[in-house]
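We begin with a single chain expressed as structure tokens, specifically the form predicted on its own.
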Amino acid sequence: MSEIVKARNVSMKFKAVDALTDVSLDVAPGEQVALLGHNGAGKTTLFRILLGFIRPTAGSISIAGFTPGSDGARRIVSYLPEQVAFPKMLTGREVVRFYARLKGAPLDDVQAVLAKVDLVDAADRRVETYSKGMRQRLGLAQALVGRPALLLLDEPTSGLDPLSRQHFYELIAEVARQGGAVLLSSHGLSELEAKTDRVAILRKGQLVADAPLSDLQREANLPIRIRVRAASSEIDSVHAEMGGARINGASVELFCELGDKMRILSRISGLGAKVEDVDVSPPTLDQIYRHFSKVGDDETPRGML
């Protein structure tokens, strides 16, 4: 099936500022893509182009074959901004009904999406009585109504407690399972790590990475952390054999390149009963992001082998 989002060599210039430069990005049906970048990297500009609020200076972009902002695109795109705002005097149910009518969705969908975001009991209360987290869940309800082909999410978990965040990502996964494409921008990198199919990173308006996290880990070639917990009274022996840094008087922490991982694990296996446990941690999404966006100073971890 063809891509829902198809951007080719998209550039956007605001007077002397190059907000986007030659960006090409696809998002396929059923795919969840994390769009990362520091403030000013171009994420919001790309979202505004996808929504049809502005037109790119150069390049082409389409939503399931439609021009962004056209009637065809508006019917199949839903958007949840970081800061949601609804008329305070309307009830939650009235808000979702309004968006259902805009999308031509059955009104039966209203109750269903309110149930998904746990707002049935508060559906007939005015929005002015809602907490920030409730307003954010109401924003998600309006985005889900009508089963959108493309879901654009900008810092969508802002204001949500940990349990609500977990439930939110379950709902987003359901959208993807039903064939919807999801493009999600967030600074909460740790919560995104196992919840997206692909990571796209913008830096100063340019797309500097676009691949599954495992591919980016290999490309970045950042060190892998291996932590070895020694059996009681064996820490000195394990440390002498493996080197690295001692942690809490009971473990040894090592860092190695990807190509050396199996060799190091084989050496650890040879220690037999001296070892109680081994934890292997590949580079995190935060580290991958810092690598590709060139954020911060490069440091060599302790115990590099």
Partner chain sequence: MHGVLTIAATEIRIGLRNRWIILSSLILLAFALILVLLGSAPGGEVKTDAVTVVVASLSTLSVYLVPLIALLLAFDAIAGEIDRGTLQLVLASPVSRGAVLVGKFLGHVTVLGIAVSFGYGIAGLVAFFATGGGDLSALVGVGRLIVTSIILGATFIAIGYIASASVRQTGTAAALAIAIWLFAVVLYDLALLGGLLASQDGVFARDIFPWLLVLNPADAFRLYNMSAIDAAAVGSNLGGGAGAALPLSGLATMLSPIAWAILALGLSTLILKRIRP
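Numbering follows the first chain given and starts at 1. Small disclaimer: the values here were computed from a predicted structure and weren't measured.
From this point on, the text means the form predicted in complex with the partner chain, which you will not see here.
Residues placing heavy atoms within 4.5 Å of the partner chain in the predicted complex fall in a single listed stretch, namely 52 to 60, out of 255 to 263, 52 to 60, 232 to 240, 268 to 276. Taking non-hydrogen atoms only, residue 81 approaches the partner chain to within 4.5 angstroms in the predicted complex. Shown alone here, residue 186 lies farther than 4.5 Å from the partner chain in the predicted complex, counting heavy atoms only. At a distance threshold of 4.5 angstroms between non-hydrogen atoms, residue 208 is out of contact with the partner chain in the predicted complex. Although the partner is absent here, residue 217 lies well away from the partner chain in the predicted complex, with no heavy atom inside 4.5 Å. Scanning 90, 173, 112, 120 against the partner chain in the predicted complex with a 4.5 Å heavy atom cut-off leaves one residue, 90. Residue-level contacts in the predicted complex: of 103, 203, 198, 116, one residue has a heavy atom within 4.5 Å of the partner chain, and it is 103.
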